[in-house]
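Let's start with one chain on its own, the form predicted on its own, as C-alpha cells.
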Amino acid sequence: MSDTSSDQHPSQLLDRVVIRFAGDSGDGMQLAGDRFTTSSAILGNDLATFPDFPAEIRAPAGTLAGVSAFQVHISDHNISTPGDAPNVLVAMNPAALRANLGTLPPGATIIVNVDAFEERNLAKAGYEVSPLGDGSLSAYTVYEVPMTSITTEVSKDAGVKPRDAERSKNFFALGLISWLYTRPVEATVSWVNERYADKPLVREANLRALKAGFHFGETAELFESAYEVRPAELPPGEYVNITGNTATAWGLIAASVRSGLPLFLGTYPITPASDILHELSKHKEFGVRTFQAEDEIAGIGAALGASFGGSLGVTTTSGPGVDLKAEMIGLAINLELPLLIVDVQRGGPSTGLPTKTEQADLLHAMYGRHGEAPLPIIAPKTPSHCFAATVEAVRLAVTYRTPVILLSDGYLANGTEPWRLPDVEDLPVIDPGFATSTNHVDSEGHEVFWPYLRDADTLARPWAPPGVAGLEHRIGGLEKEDGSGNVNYDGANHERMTRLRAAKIAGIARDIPPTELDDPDGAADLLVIGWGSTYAAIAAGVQRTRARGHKVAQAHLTHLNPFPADLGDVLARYRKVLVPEVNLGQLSRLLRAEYLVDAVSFTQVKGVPFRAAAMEAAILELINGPGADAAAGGPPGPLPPTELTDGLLPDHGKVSQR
C-alpha cells in the first residue's frame, strides 16, 4: 500500500475543514469517520468530532431512519466544536443526502456514491426524481463517484464475492477523502491488517477499496486539486485521540491506582454509557473487576456492596437507569459510603432518545431521591476533561464518604479530541484513610467503634470495611443514631443527622476551586455561564462575539453541587447573565433560586449540541435586543481563525427570560 504516497499535483492550504460521512447504518460511516479522525490526529491536527447514530438499531436499509453520520472538524489551530456545518458531505445513498442536505451551506461540496442512486433507493428516501439531475443541488459542488462498482471490481480477482466486496465501499470513501485532504493512510493500513488478520478476504477487500479510493482521487481528474490542513501548534507532550467514555474509564483506573482501592464496576448495559464497561473490562491488569448485572438495581447494589467491602464502587448508566437506582443512591447517602454514579445523559423522559444527547438530568441528580438527600455533582465539559472530572468525583466520594454523580452526556461520550497524557504523579492523592482502631469509650469504660463519629474538618464518618476485629457495625436503610450508628427513630436525632449530612456536602465548597472566569479586561456587562458539554459552543460563540468588538465574559461550572464558594460574587458583577443548556433551563432555575440572579435561559432539546453560530446569535440578541443577528453590533469582515462562522441556521434555539 506504499504506492498511496506517490507524488500528487500541488495541494491548496486550508486552515480548517468540516467533513461529514453519511450513509446507511450498515455502511460503516462511524468506522470511516473514526479512521479519518485517527489519521488526522497522527498528522497533528486539532480536531473535534460528532458521531450521529440513527435512532433505530435495524431501520430498513436505505431509509431516512437508518442514516448514520460522523462529522469531523480538523484544523491547524485550536478549535472546540465539531463545526456548525459541513464543508464536505460524503453521501453513500439518497437517504444520506436527503437527511443531511439541510446542514450544508451554499457552496459546500457533495460527494455521492452514484451507484446507490437507483430508483428503489430514491423512493425509499422520498425522492420522486433523482436530485442529481433535477437542478436542486445547483447551490453545491457535486461529484458523482461510482464507489460500489469500483469497489466490487477491484476485489474480483482476490476471490471476494460481489456482495461481500460491496461492504468495503466505506474504505473506498475513506481512501478518496484521505487523498483529497492529504491524510496519511499507513496507520489505517496497519489497523486493517491487524483487525482482520483472521479474515483474509475481508482484509484484502478493505485494503483494495482504500487503495482504489485514494488513486481514484489522484487519477480521475474530477477534482481541481487536493487540499492540505497542516498540523496545529499544540503544547509539547504525548497525545492520544480519546472519546469521553474512554477518558472516563481511564479516569476511574487512575483514581483506583492513586487511592489504592480495587475498582469494581457494577452495571447494566445502556446507551450511551456501555462503552465504559467495555473499556474497563480490558484492563484487569489494574485490578479492575467488572460485573454486568441482570438489571440497573442489581448493578448499583453490587457496587455499593463493593464500597462497603473496601473497594472503589462504581456504577454507570443513563437517565432511565438513574430512575431505577434512586433508592440505592439514597441508601448510600444514609450509609455514608463512597460510590460513583456515572450518568451519561441522553434525551428523555422514559427511554427517550437512546442515541441522542441531552443534559436534562441535572435536577434529577439534585433532587431525585427520597427525603433530604444531597450529594455532590460533577460535570465534565469536553471529551478529554471526562478524565479529570472522573478523578475529582472519586476524590470527593472517598474523602467525604458520599455517593457522587458524574453527569456526562452522549455528545461527550462519543465525541473525540486530542488529549495530552498527564503525568500520573501530578494527579491528586486520594487517601481512603480506613479506620484501623476503636474510637470511643462507652459508659462502662470499654473501647468501642462508633461508625458515625465524624472528622472535625470534613464531617466524614470512618470507613471500616468488614473483617477488622473490633470495628464491626450495622448497616441498613433505617436512620442511624449520631455517633453509635444504632437504629434510631427519634425525631430530634433524625433532624440532626439530616443537617449533618447536608452540612458535609455544603462544606465541600471549601475544597473545590473558585469559579473559572474568562473576562479579559473585567469590563464585560454580560456573563455567559454554562455547564457540561455546552462548553465548546459557548467558547466559540464568545470568541466570535468578542471578535465583533463586544465585551463578553464566560464561566463554566464543573462543580454543580455544591457550587463554588465565590459563584454568588461572580454573578453579582454582571448586569446580564445568559445560561445556555440542552434542556429547558435547569441550571438557570438553580442560579435564580440560590443567588436571586435574573438569569436568561437559552435552550434547545433537539438531541444535538448547540452550534457556535446559534450561540453567537443568542449572545448578540441579549446585547443588542431582539432581532439582532451575527452581522449586528460589530465591524464587518472575517472573523479570526478560531471558530469561523458557517452562517446562521434558522430555529437555532429559544432565548427566554423567566
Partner chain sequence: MTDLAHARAEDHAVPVPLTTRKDWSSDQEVRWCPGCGDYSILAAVQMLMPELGVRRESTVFLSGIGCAARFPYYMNTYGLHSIHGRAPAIATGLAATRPDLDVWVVTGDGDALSIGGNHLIHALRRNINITILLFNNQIYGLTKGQYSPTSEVHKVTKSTPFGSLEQPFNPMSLALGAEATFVARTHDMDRKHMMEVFRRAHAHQGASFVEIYQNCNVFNDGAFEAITGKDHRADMLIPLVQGEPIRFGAEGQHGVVMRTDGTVEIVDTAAVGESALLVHDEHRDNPGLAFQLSHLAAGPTQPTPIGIFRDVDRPEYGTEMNRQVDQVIERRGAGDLRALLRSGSSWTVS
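Numbering follows the first chain given and starts at 1. The shown structure was predicted, so the numbers you read here are calculated from the model rather than taken from an experiment.
Note that the form predicted together with the partner chain isn't included here; everything after this is about it.
Novice: I'd like to check something about P564: if you look in the predicted complex, is any of its heavy atoms closer than or equal to 4.5 Å to a heavy atom of the partner chain?
Specialist: No, P564 is distant from the partner.
Novice: If we define contact as a non-hydrogen atom of the residue within 4.5 angstroms of the partner, is G126 a contact of the partner chain in the predicted complex?
Specialist: No - in the predicted complex, heavy atoms of G126 and the partner chain never come within 4.5 Å of each other.
Novice: Determine whether any heavy atom of T38 comes within 4.5 Å of a heavy atom of the partner chain in the predicted complex, and answer yes or no.
Specialist: Contact with the partner chain, yes.
Novice: Could you confirm whether R120 comes within 4.5 Å of the partner chain in the predicted complex, counting heavy atoms only?
Specialist: Output for R120 is no: heavy atoms all beyond 4.5 Å of the partner chain.
Novice: Based on heavy atom distances of 4.5 Å or less, which listed stretch (338-346, 411-419, 137-145, 357-365) is in contact with the partner chain in the predicted complex?
Specialist: So the stretch in question is 411-419.
Novice: Taking F264, I297 and Y489 as the candidate spot, are all three within 4.5 angstroms of the partner chain in the predicted complex by heavy atoms?
Specialist: Answer is yes for this spot.
Novice: Identify, from the list G237, G102, G107, P200, the residue with a heavy atom within 4.5 Å of the partner chain in the predicted complex.
Specialist: Flagged contact: G237.
Novice: Just one of G607, P54, G44, G26 has a heavy atom within 4.5 angstroms of the partner chain in the predicted complex, so which one?
Specialist: Comparing distances to the partner chain in the predicted complex, the residue within 4.5 Å is G44.
Novice: Within 269-306, which residues come within 4.5 Å of the partner chain in the predicted complex, counting heavy atoms only?
Specialist: Read in sequence order, the residues that approach the partner chain (within 4.5 Å, in the predicted complex) are K282, H283, K284, E285, F286, G287, V288, R289, T290, F291, Q292, A293, E294, D295, I297, A298, G301, A302, G305, A306.
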